[in-house]
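The chain below stands alone, shown as structure tokens; this is the form predicted alone.
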């Protein structure tokens, strides 16, 4: 079976991809599988499991098993911390929150979790994680000094440092529920600066939002809250926009 990293690489070679983020604390057990089944039908590449608060190994495990039962998509942990780990997932975004004020989120939680990740046999996907203003709840929980939306130089510095440190993906988000996505100008500057794939999340609610992010150069889009709140009616146009650009 191909590694998740290899699947991502091969899929990105054909164009941008979409991930559906499911919060196991809000979308529990069988409901997580239902969301995943619909996401797969629409064309989402994979399922991310995670949330800012309320996550437990039991909730993560139940959600992962439900997703596997209802879909063939890879299940990837979007970690809150060591409590997010479950052997029922396929891989984990092994992320460093680069612009956190708290070294716990930069490296110490990762060090704490690393031996258990190895024991569980989870595939690791090294990710540089950056939170852009306004940051919302994730910025608060992550104790982030959010990158200001006009601070292109700061964003480029963080992104290039992540690449030089060997991280294989970059993820920028404005926070769940943000009034607007990461600015297109920032995405364009990062694409001119780094060679690793760039994933964007937070504030993407419509096909027009997705089109703007993709036009700026995003390699992947992550959407979460709209799938949980509005189901496939809100998610379908966004995934369709990603698919349209892959086909073009």
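If you're wondering where the values come from, they're calculated on a predicted model, not measured in any experiment. Positions refer to the first chain, counted from 1.
What comes next is about the form predicted in complex with a small molecule, which does not appear here.
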So in the predicted bound form, does residue 223 come within 4.5 Å of the small molecule, heavy atom to heavy atom? yes
Any chance residue 46 has a heavy atom within 4.5 Å of the small molecule in the predicted bound form? no
Is residue 203 near the small molecule? Define near as a heavy atom within 4.5 Å, in the predicted bound form. yes
Is residue 177 close enough to the small molecule in the predicted bound form to count, meaning some heavy atom within 4.5 Å? yes
Mind telling me which stretch in 165 to 173, 80 to 88, 139 to 147, 115 to 123 gets its heavy atoms within 4.5 Å of the small molecule in the predicted bound form? 165 to 173
